[in-house]
Structure formats: C-alpha cells, structure tokens
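Just one chain follows, in the form predicted alone, and it is written as structure tokens.
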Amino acid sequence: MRQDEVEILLVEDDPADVELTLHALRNNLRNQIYVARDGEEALDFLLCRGPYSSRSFDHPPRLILLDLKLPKVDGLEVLREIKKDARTRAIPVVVLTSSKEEKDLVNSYRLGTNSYIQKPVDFDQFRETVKQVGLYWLLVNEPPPKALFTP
C-alpha cells in the first residue's frame, strides 16, 4: 500500500481489536487503511517525520480512528498534537476506546475529537459499530476541503 493513498489511519495497539476493526471496515469499504500501533508512530505518520519523512501532507487520511490507551504516547496527547497543527487539524478524529472514564470523554471533546465511541464488548456489536463509523465518515460525511490543510 502506498502511504499517500491512506484514507483511514487506525491507531490501535491491541492486535485483536486491530483485526476486528480491519475486518469490519474491509467487508464494507474498499479504502486504504494504515495501522499505527502506538501514539508515537501515529504522530510520525501524520506529521511526516522520522520513518515517514517521505510522506506528503498533500494526502492526509480522511479519518483517524484513535484508541486512548496507547504505548509511548497516549491517545489524548496524539489528539492534542493533531488538533494543534494546522496541517492535520481538519482531519476527523473518532476516539474508539474501551475507556468508561468520564474524564477521558471530557478531555477528548475538549481537545477536539469529532466523535467518541466506547468499544462494545460484544463481537457483533463491535463489528457493526465500526462498519457504521466507516460508512458515515467516508461515504456520508463531506470531507474537509484541501484549503483547511494549509498552515
């Protein structure tokens, strides 16, 4: 997969949740999905730095699915960095987390998340939730214009 064709950035460290999410999205959408397994990798990918320095800001993902409980850099810090950078601020971010803590919900919205979804425990509900998220953000929602991605 070419990194400039990524339409969904999935930021998730749990291998089972990665597989389930990919399965749900790929059964219903034919989009390019890139998986970052920790917050540092997600930021490197989005900000075109480190191992992703050859990526271009000209092709941002259309959607970021972000877990909060991540190694290296936690999801709230990733969200903070995404929303403070003019080049990534307009990318829709859906927090997809198992956290039931109200402070995570409050902090996510304060930092600019576009949606907050608690991961359903039930396999079928999880798959259906991810499917609906993908369909809405990639087919129903109008993506932000390119002009919003310039500093």
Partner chain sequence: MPATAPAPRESLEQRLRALEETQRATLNILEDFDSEKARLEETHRAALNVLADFDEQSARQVVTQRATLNILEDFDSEKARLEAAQQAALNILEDFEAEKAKVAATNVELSEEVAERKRTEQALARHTKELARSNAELEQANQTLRQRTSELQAVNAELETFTYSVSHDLRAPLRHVDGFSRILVEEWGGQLDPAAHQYLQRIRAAIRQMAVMVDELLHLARVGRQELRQQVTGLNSLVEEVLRDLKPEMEGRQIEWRIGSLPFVDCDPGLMKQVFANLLSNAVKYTRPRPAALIEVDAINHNGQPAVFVRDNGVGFSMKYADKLFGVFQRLHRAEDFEGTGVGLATVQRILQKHGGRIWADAELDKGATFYFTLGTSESIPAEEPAPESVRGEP
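In this text the structure is predicted, and so the values were computed from the model without any measurement. Positions refer to the first chain, counted from 1.
The next section is about a form of this same protein that is not shown, the form predicted together with the partner chain.
Tell me, please, which stretch of 55 to 63, 80 to 88, 41 to 49, 95 to 103 lies within 4.5 angstroms of the partner chain in the predicted bound form when heavy atoms are compared?
Answer to the contact question: 95 to 103.
May I ask whether Val35, Thr129 and Lys131 each come within 4.5 Å of the partner chain in the predicted bound form, counting any non-hydrogen atom?
Looking in the predicted bound form, the three residues Val35, Thr129 and Lys131 all stay beyond 4.5 Å of the partner chain (heavy atoms).
Residue-level question: is Val140 within 4.5 Å of the partner chain in the predicted bound form, judged on heavy atoms?
Heavy-atom contact with the partner chain at 4.5 Å: absent for Val140.
Is Leu20 part of the interface with the partner chain in the predicted bound form - any heavy atom within 4.5 Å?
Close contact exists here: in the predicted bound form, Leu20 approaches the partner chain to within 4.5 Å, heavy atoms only.
Taking the partner chain as it sits in the predicted bound form, is Arg110 near enough to touch it, meaning that at least one heavy atom pair lies within 4.5 angstroms?
Flag for Arg110 set to no.
Using heavy atoms and a 4.5 Å limit, would one call Ser115 a contact residue for the partner chain in the predicted bound form?
Taking the distances in the predicted bound form, the answer for Ser115 is no, it never comes within 4.5 Å of the partner chain.
Does any residue in 106 to 131 get within 4.5 Å of the partner chain in the predicted bound form, counting heavy atoms only, and if so which ones?
The stretch 106 to 131, when checked against the partner chain in the predicted bound form, contributes Gln118, Lys119, Pro120, Val121, Asp122, Phe123, Asp124, Phe126, Arg127 at the 4.5 Å heavy-atom cut-off.
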